[in-house]
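A single chain, nothing else alongside it, follows as structure tokens in the form predicted on its own.
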Amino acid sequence: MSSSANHNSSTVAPKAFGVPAAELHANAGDTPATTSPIRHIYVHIPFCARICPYCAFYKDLLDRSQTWRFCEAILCELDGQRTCFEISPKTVYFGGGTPTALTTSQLEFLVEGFCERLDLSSLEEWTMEANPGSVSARKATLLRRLGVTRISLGVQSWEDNLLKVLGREHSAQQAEQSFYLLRRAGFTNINVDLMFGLPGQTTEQWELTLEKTIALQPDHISAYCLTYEEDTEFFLRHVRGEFRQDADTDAEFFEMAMAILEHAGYEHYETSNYARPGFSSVHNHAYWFGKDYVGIGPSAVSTVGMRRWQNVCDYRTYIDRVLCGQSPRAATENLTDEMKRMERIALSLRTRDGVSASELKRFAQETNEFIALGLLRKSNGNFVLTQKGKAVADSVAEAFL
């Protein structure tokens, strides 16, 4: 998921999913009860040519001596999942890291492996995250031919000086070339990832970035505010006072994105996401509305029924465990109805559809106060954030948790 920032404007597709057959069969009580097919799969590819100093997702520098074994382990874990669950996906999402950091042959091996192992008759969307610096015509053509339908391109900014601050390996020119290359390969569903609130970024630069993006006519735009996540270089620099975050300026960036992108015809269907009609992310929708999903790969999180688990956050350990028939799982959590309710409110409130009024029945005082403040409104039996409320989505959600 690309995806790197989390804020009042974040929440992206989860970096998650997976439990191997060996452990599930050995511990029948650990097998999540489900009679329905798993419809959503996430695959985590942690490799990056360069580590971005703001990214808090699990990633590691590309090691060509390990990538083939890694690909074999991914398919091996998928085989294990198939013995435990009926998997008939509506969505498949390859995130990272940088999935396109793999070679063309490795991507072909992985994607064909999924095609051979899964019933894809119900597939609606197959997303591949891509870094502009690792996109080639050959890779793009291959992925489109094999059935990948959607590309999420991690542009982040069209300003070269800001790309350098972010530690990105691509230039603005490379990003534009990569976009057109993907179009020529036949991709009719491309997301462009953007970030605002960057160190030294001006409102003028952000406006130009939005206008430049609109001119390319992508089908989907994700606009995230930079947050300073622990265990990142940016967090340390923020603590030292080298980088400062200004809530008022961030709000101005956010409001500018809403105004400019909606005026250009993009529907603001989730706090950080905008789409042309018919191009909202099916995979992200499943996550936001609490659907079961299975994750494969190191650090991947899965949620099936009332059980959630996460794989080890080390790709070497992950490879060794899976190829030796051992579980890659590192932690398991039993969810409660209350935990599910809290997640459902926090995530669905960020969406255009909002939260069912019945979910907030016991919060009558809070909802009335937010309505009086102009942050919430009633729509079709749901409570929905207003334009003003969208800028403080997380703060509103916290009142109901």
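Keep in mind that this is a model prediction, so the values were computed, not measured. Numbering starts at 1 and follows the sequence shown.
As for the form predicted together with a small molecule, it is not shown, yet the points below apply to it.
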Option from 291-299, 257-265, 119-127, 190-198 whose residues, in the model of the complex, bring a heavy atom within 4.5 Å of the small molecule
190-198
Does the trio G96, N131 and T227 actually contact the small molecule in the model of the complex, every residue with a heavy atom within 4.5 Å?
yes
Please determine whether F363 contacts the small molecule in the model of the complex, using a 4.5 Å cut-off between heavy atoms.
no
Interface membership of R168, the small molecule in the model of the complex, 4.5 Å heavy atom rule
yes
Please check if F370 has a heavy atom lying within 4.5 Å of any heavy atom of the small molecule in the model of the complex.
no
Is there any non-hydrogen atom of N311 lying within 4.5 Å of the small molecule in the model of the complex?
no
Exactly one of L375, C55, L62, A346 comes within 4.5 Å of the small molecule in the model of the complex through a heavy atom, and that residue is C55
The one option of P218, P89, G154, G80 with any heavy atom within 4.5 Å of the small molecule in the model of the complex is G154
